[in-house]
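One chain comes next, on its own, written out as structure tokens in the form predicted on its own.
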Amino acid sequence: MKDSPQVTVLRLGHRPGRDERMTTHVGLTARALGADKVVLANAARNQADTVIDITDRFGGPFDVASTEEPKRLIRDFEGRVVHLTMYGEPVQEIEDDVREAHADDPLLVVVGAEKVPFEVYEHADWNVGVTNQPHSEVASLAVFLDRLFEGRELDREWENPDRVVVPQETGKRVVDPDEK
């Protein structure tokens, strides 16, 4: 988000045939809830294209990248690493520490798909659990980003959209930005 060090979300792993929607939703959630970039690992090209298309249509800035070496990205990341896992420390107990660190350093938020290698747990500055119960990694990412940004991401202004959603009590309305 503007005026703070970068937040990058890494989708660690992608199982073709099983994770298409989840990987896409990790990227869309990262974009919508304040991250600056998503990096998709291991052959998630179609999902990257979808996130790029949404960014082009509904505004940015938001970067999308891919990597064949996600472990190297974690090892070499110049900043702090947060790994979202149900086995981690409760988000409500570490969110202040993460937020304080993020005031000075970029964050890499790792969201797993398949069994996460133990070295990810070791390289993370924080292993963070949202409820310590099994549920969606997309839900964990959403809760974590909201806690990190304290709700500021909900008022974000999007740059250069081709279309804008007009909030209303009922129905749907999407317009050209000049009509809003």
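Counting begins at 1, following the sequence as shown. Quantities reported herein were computed from a predicted structural model and do not represent experimental measurements.
The discussion below concerns the form predicted in complex with a further copy of the same chain, not included here.
Would you say all of H25, I54 and Q133 touch a further copy of the same chain in the predicted complex, counting a heavy atom within 4.5 Å as a touch? Contact check passed for all of H25, I54 and Q133.
Given that a further copy of the same chain is left out here, which of L33, L148, A48, A41 has a heavy atom within 4.5 Å of it in the predicted complex? Checked against the cut-off, the match is L33.
Should D105 be classed as touching a further copy of the same chain in the predicted complex when contacts are defined as heavy atoms within 4.5 Å? No, D105 is distant from the partner.
May I ask you to check whether N160 falls inside a 4.5 Å heavy atom distance of a further copy of the same chain in the predicted complex? N160 lies outside the contact set for a further copy of the same chain.
With a cut-off of 4.5 Å between heavy atoms, is V64 one of the residues that contacts a further copy of the same chain in the predicted complex? Taking the distances in the predicted complex, the answer for V64 is no, it never comes within 4.5 Å of a further copy of the same chain.
Is it the case that K2, even though its partner is missing from this view, gets within 4.5 Å of a further copy of the same chain in the predicted complex, heavy atoms only? Because no heavy atom of K2 falls inside 4.5 Å of a further copy of the same chain in the predicted complex, the answer is no.
Within 80-95, which residues have a heavy atom closer than or equal to 4.5 Å from a further copy of the same chain in the predicted complex? In sequence order, M86, Y87, G88, E89, P90, V91, Q92 come within 4.5 Å of the partner.
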